[in-house]
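One chain comes next, on its own, written as structure tokens: the form predicted alone.
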């Protein structure tokens, strides 16, 4: 399915930290004169497949490609494409990614759809937002903005506020902030807290510790204080002194990343009393050097009177999207090289294969439970071993699997039973329950010799 050697950007994990820093440097070069680079990708064509509404993301990608000297073809209205006739995403990208275009940018309403596109397209695929999963190019723009404004990312205290449950920009940004050792203060609208699998991954992969955050004296955050959390990987000695019930007093804020309520992904939940930032809130001494960010579009989360405040940088943040995407597109198309090593394991590599009757992703918004149900194989990655937890290779949602079987003997045991240690890792098959294992044709308590 995947062509060898191509690079995709489906997740922010598909870039190493050094590559991200190099992209910042190249974006600075492009930004110095946006009109001076029409020779870089001359003759290349980008296809934008946007099956969800978009203004800034699609137009900034198209502007970036045109400024690099390339061409653009686009499908921005699902009703005028073959998707409306029932064509699968896999078939679409097989056709578009080839003689039609040299690179594909996709936005799709189902979590994990960008991974499907990357697996089936023969050209590089860029995730322009897949459901409530990730939005890695927005994350690149956000990191670049923060880096330019503050001169660094490590050690900054960054507030993530609003709809943290459904906002894909929040999820990607949180992973990136943790990787660059910034501290995260989550201030969710009640009921829209950060998903458990995001918090678990922050702890597991980045060593992030979590404590209660105290933000009571900040106007505009009041009422959301009970759900505030302080997540850090850069102050382990300080946080080692705190118990689970202790509070971290947030005495300084470097940036606030505000998000709108993602109404298109809500299921009838009310958003009455959604947080709003105004001049009164920014009068706090803790906000003296803050940078107010927003991925846009905004609805009513930031008062318009703040637009002329020098601390409000959301329009500058949007403008940085063009040079940042110019650097990314030129890199993925092979027009420029980065003096940086790639990540050891890119997230588009295949993971564990599960038998028919094994676990399915429990995320009802996942592409494996949507349009890909008829043709996508079950594909998970082992993310923890005691007890085993697997993550969907498409949407990252996690499942606890308390039974392990052998693919060669078709026998299974509880995950912590001694015979399990004799099963080679490449032969292990994971199940949520004994009933699920039996339904898949596995037997309990049989001899595991030779497994």
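Values in this document were obtained by computation on a predicted structure and should not be read as measured data. Residue numbers count along the first chain shown, from 1.
Separately, the form predicted in complex with a small molecule exists; it is not shown, and the next lines address it.
Engineer: Among the candidate residues 396, 401, 48, 57, which is the single one with a non-hydrogen atom no more than 4.5 Å from the small molecule in the model of the complex?
Structural biologist: Looking at 396, 401, 48, 57 one by one, just 57 meets the 4.5 Å heavy-atom criterion.
Engineer: Consider the chain as shown here, without its partner, and state which of 210, 119, 262, 369 has a heavy atom within 4.5 Å of the small molecule in the model of the complex.
Structural biologist: Exactly one listed residue reaches within 4.5 Å, namely 262.
Engineer: Thinking of the small molecule in the model of the complex, which stretch from 308-316, 334-342, 194-202, 295-303 has heavy atoms inside 4.5 Å of it?
Structural biologist: Looking at the other structure, the answer is 295-303.
Engineer: In the model of the complex, does residue 183 have a heavy atom within 4.5 Å of the small molecule?
Structural biologist: No, residue 183 is distant from the partner.
Engineer: With heavy atoms only and a cut-off of 4.5 Å, decide whether residue 115 touches the small molecule in the model of the complex.
Structural biologist: Because no heavy atom of residue 115 falls inside 4.5 Å of the small molecule in the model of the complex, the answer is no.
Engineer: Could you tell me if residue 133 has a non-hydrogen atom within 4.5 Å of the small molecule in the model of the complex?
Structural biologist: The answer is no: residue 133 has no heavy atom within 4.5 Å of the small molecule.
Engineer: Quick one: is residue 291 in contact with the small molecule in the model of the complex, heavy atoms, 4.5 Å cut-off?
Structural biologist: Residue 291: no, not in contact with the small molecule in the model of the complex.
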